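One chain comes next, on its own, written as structure tokens: the form predicted alone.
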């Protein structure tokens, strides 16, 4: 798994943010993944998150598989923060499904160690028989 942070901010703004803000939230540690600068907004335009009028990018996260296919995305307006734990859960779920070549699927809220489902015509309309979140979700 590779994680990148991309914004229209310069590498200098990223460094200031890391050194003077983020490091205080992470007990003196640096951001654990590369921060890339998209000052001209080309990457943001490709993913539909660049706002031409303001010259800024809307907050978004994109989960892209090893084949370059976007498997999931979420775009948030600036006032609402994202949930890193949910992003990690989804990455693990996509990895699990990929490892099992689609022979198993992960239901809503799935975490490693929780039961999975076997996809097929018989599952349609019968998920409730196989999956009970109250019984099957582990923290």
Partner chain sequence: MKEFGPGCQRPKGQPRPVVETEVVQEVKKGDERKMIQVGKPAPLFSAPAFYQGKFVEVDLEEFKGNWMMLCFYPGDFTFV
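Positions refer to the first chain, counted from 1. None of the values given here were measured: they were computed from a predicted structure.
Only in words, not in the display: the form predicted together with the partner chain, which the text now covers.
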*Among 89, 116 and 127, does every residue place a heavy atom within 4.5 Å of the partner chain in the predicted complex?*
no
*With the cut-off set at 4.5 Å between non-hydrogen atoms, does residue 32 touch the partner chain in the predicted complex?*
yes
*With heavy atoms only and a cut-off of 4.5 Å, decide whether residue 56 touches the partner chain in the predicted complex.*
yes
*Can any non-hydrogen atom of residue 13 be found within 4.5 angstroms of the partner chain in the predicted complex?*
yes
*Hey, in the predicted complex, is residue 61 touching the partner chain, heavy atoms inside 4.5 Å?*
yes
*Hey, which residues along 66-88 are within 4.5 angstroms of the partner chain in the predicted complex, non-hydrogen atoms only?*
66, 67, 68, 69, 70, 71, 72, 73, 78, 79, 80, 81, 82, 87
